[in-house]
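Presented below, as structure tokens, is a lone chain in the form predicted alone.
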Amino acid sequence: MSIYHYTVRRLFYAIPILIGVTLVIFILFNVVAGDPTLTLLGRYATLQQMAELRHELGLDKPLLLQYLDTLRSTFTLQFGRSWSTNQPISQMIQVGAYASLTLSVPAFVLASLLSIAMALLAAFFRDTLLDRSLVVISVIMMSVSVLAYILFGQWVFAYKLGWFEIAGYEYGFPYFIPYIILPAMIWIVLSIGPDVRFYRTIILDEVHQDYVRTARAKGLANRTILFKHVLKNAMIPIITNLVTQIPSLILGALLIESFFGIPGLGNITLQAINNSDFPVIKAMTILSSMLYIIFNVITDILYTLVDPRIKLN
């Protein structure tokens, strides 16, 4: 089966999954969450004020019509307007995605390259002081809270030393660069710990396979075996880990963007939660689901490019 036909078929199968996801999201926000007008107007709102706002927001329609509106917005990517800012949500997503990607893409690329390089280094010098040191450092980096990294970085490197901007953002290249350096460094530090341990584990699993023993018996150097054979065969779990992280890159990092004042999708989502802005929260949740479905398909396609033994069915 060609990649084109496989992609079309998988995306077609994803439609009922997406419908089911939107139904769950609709039930959570429109049925379980209760009447949002009480949250928006406050505890002293009158019944008339609540009824007027409910009519203005379209919450007095039958639930079936409200769900069909949610379903239509999912496939058209037109999510209506924000309750708190009255801006078109689609426009907010476009603007926020730019800010999120300028931070997340360079941080993700550098963190991935460093993690794979450190994991290969640990596997190459396994059971040595360097290997143990990298494992201990990774565990320590994983154990520290993201808030600790953010507050320490802002207080020491931005406030005390003045090397970086404490917070803020400017659109356009290269104006945003001074504002993303420190949060990108924190993003990298947060990613390296778990990634190094994961990549090291899968690389060491490959080291004990039969083909590695055969290569050693033929007299190949450890460096050649590790970088030419082991890394190639370990690419499937590496690709899985990398590609499944991409939707979170587009959606941004909630705490990092919020503390550093970066107007990305993570910051928009956090503000929507604080303001009980249900349309924005629903839009971000639906967008997240769509991205994960799409990138799962991309992951399967990349498998066939890395390992010719895998066939698309």
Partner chain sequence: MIVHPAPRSLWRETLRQLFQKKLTIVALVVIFTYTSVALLAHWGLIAGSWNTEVGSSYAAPSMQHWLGTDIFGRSVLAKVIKGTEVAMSVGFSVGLISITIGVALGALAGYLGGIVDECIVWFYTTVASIPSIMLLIALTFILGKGILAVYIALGMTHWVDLCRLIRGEVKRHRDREYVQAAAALGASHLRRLCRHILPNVLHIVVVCFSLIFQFAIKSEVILSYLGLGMQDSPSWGVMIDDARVELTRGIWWQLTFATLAMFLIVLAFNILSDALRDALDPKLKGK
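Numbering follows the first chain given and starts at 1. Since the model is a prediction, treat every value here as computed from it, not as a measurement.
What comes next is about the form predicted in complex with the partner chain, which is not displayed.
*Asks:* Just one of Phe227, Trp163, Tyr175, Trp155 has a heavy atom within 4.5 Å of the partner chain in the predicted complex. Which one?
*Replies:* The option sitting close enough to the partner is Trp155.
*Asks:* Counting any non-hydrogen atom inside 4.5 Å, which residue from Leu59, Leu254, Leu41, Ile246 sits next to the partner chain in the predicted complex?
*Replies:* Flagged contact: Leu254.
*Asks:* Residue-level question: is Thr37 within 4.5 Å of the partner chain in the predicted complex, judged on heavy atoms?
*Replies:* No, no contact at 4.5 Å.
*Asks:* Give a yes or no for Arg81: in the predicted complex, does one of its heavy atoms lie within 4.5 Å of a heavy atom belonging to the partner chain?
*Replies:* No, Arg81 is distant from the partner.
*Asks:* Contact with the partner chain in the predicted complex for Gln87, defined as at least one heavy atom pair within 4.5 Å: yes or no?
*Replies:* No, Gln87 sits far enough from the partner chain in the predicted complex that none of its heavy atoms falls within 4.5 Å.
*Asks:* Is Tyr159 near the partner chain? Define near as a heavy atom within 4.5 Å, in the predicted complex.
*Replies:* Judged by the heavy-atom cut-off of 4.5 Å, Tyr159 is in contact with the partner chain in the predicted complex.
*Asks:* Do all of Val8, Ala111 and Met118 end up near the partner chain in the predicted complex, with near meaning a heavy atom within 4.5 Å?
*Replies:* Negative, none of the three is within 4.5 Å.
*Asks:* Give, in sequence order, every residue of 126 to 140 that has a heavy atom within 4.5 Å of the partner chain in the predicted complex, or say none if there are no such residues.
*Replies:* Counting only heavy atoms within 4.5 Å of the partner chain in the predicted complex, the contacting residues of 126 to 140 are Val139, Ile140.
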